[in-house]
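Presented as structure tokens, the chain that follows is alone, the form predicted alone.
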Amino acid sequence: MNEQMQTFPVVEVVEHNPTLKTFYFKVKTPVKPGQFVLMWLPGLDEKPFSVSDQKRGRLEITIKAIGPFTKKAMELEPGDRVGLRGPFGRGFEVQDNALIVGAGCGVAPVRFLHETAKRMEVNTTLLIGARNSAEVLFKDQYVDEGATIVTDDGSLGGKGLVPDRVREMLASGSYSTICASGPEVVLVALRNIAKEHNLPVQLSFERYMKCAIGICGQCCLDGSGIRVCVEGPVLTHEELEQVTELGLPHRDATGQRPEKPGICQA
């Protein structure tokens, strides 16, 4: 893969639930944890997705059905061809003794980070949060591995919210950094918690994207000029100090910022 679109066949599909699936492609181009690719469905559109793992020449992309594009992606079967280009952006740096946190669909990019750390024999701690048991990505694997899991309703692991559990873990343990991905409200909370503990962060943010190569300016963050597709999506504490729009509703395809927070329509 590169900046030019290439087509690849789906080689395997794993269904986590009817609206959450992982797709595998034979892709040799190396990708770093936290980077993303653009997927094109012929006749429809292209959208960015974090890579949830890459090993033995197989690229893994985990998708949740939310809008028209992702709902159409749920129909993909082995042998179907899609367009892929990338990878794009700056990813995570693997660090020893990192606390790795994934909330909701944000489990996908930090899964790649955690799996990479295991292959490098680097010690990390994984915390996963979701609304309920059905929404936990790669649930069977992480239950078997003993990862810390919290759900809003207590249907799997502990009951509670990710930021509260992070506070508990920091009170009882020592970590070198927090690496996280998930809803922005969670990321903002983790950033504030990390500041209280003087911990560096690597936080993966999302914005609406068009070109993915830093030309159009669609994904620039107010107050900083940071392009999520180039300087991000993973940002540090120092970079986030410049950003003035954290926690605000994201700009849409027109560049307008809605008055009330919405949900992704990918």
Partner chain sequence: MPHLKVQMAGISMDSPLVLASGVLGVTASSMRRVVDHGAGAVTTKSCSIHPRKGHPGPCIIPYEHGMINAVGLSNPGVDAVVNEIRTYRDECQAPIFASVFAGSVEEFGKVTRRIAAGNPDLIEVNVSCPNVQSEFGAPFGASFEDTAAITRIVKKNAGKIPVAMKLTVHCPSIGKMAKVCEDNGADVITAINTVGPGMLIDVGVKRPILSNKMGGVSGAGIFPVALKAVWEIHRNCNLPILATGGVSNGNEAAQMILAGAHAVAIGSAVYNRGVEVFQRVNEELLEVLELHEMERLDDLRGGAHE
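Numbering follows the first chain given and starts at 1. Just so it is clear, the model here is predicted, and its values are computed rather than measured.
One more form of this protein, predicted in complex with the partner chain, exists but is not displayed; see below.
Q: Looking at 28-36, 53-61, 218-226, 233-241, which one sits within 4.5 Å of the partner chain in the predicted bound form if you count heavy atoms only?
A: One stretch meets the cut-off, namely 218-226.
Q: Are all three residues R90, D152 and P183 in contact with the partner chain in the predicted bound form, where contact means a non-hydrogen atom within 4.5 Å?
A: Result no, not one residue of the spot touches the partner chain.
Q: Is K71 close to the partner chain in the predicted bound form, meaning a heavy atom pair under 4.5 Å apart or at it?
A: No, K71 is distant from the partner.
Q: Is E3 part of the interface with the partner chain in the predicted bound form - any heavy atom within 4.5 Å?
A: Taking the distances in the predicted bound form, the answer for E3 is yes, it comes within 4.5 Å of the partner chain.
Q: So in the predicted bound form, does C211 come within 4.5 Å of the partner chain, heavy atom to heavy atom?
A: Close contact exists here: in the predicted bound form, C211 approaches the partner chain to within 4.5 Å, heavy atoms only.
Q: Check whether R167 has any heavy atom within 4.5 Å of a heavy atom of the partner chain in the predicted bound form, and answer yes or no.
A: R167 lies outside the contact set for the partner chain.
Q: Are there residues in 32-48 with a heavy atom within 4.5 Å of the partner chain in the predicted bound form, and which are they, in order?
A: Residues within 4.5 Å: W40, P42, G43, L44, D45, E46.
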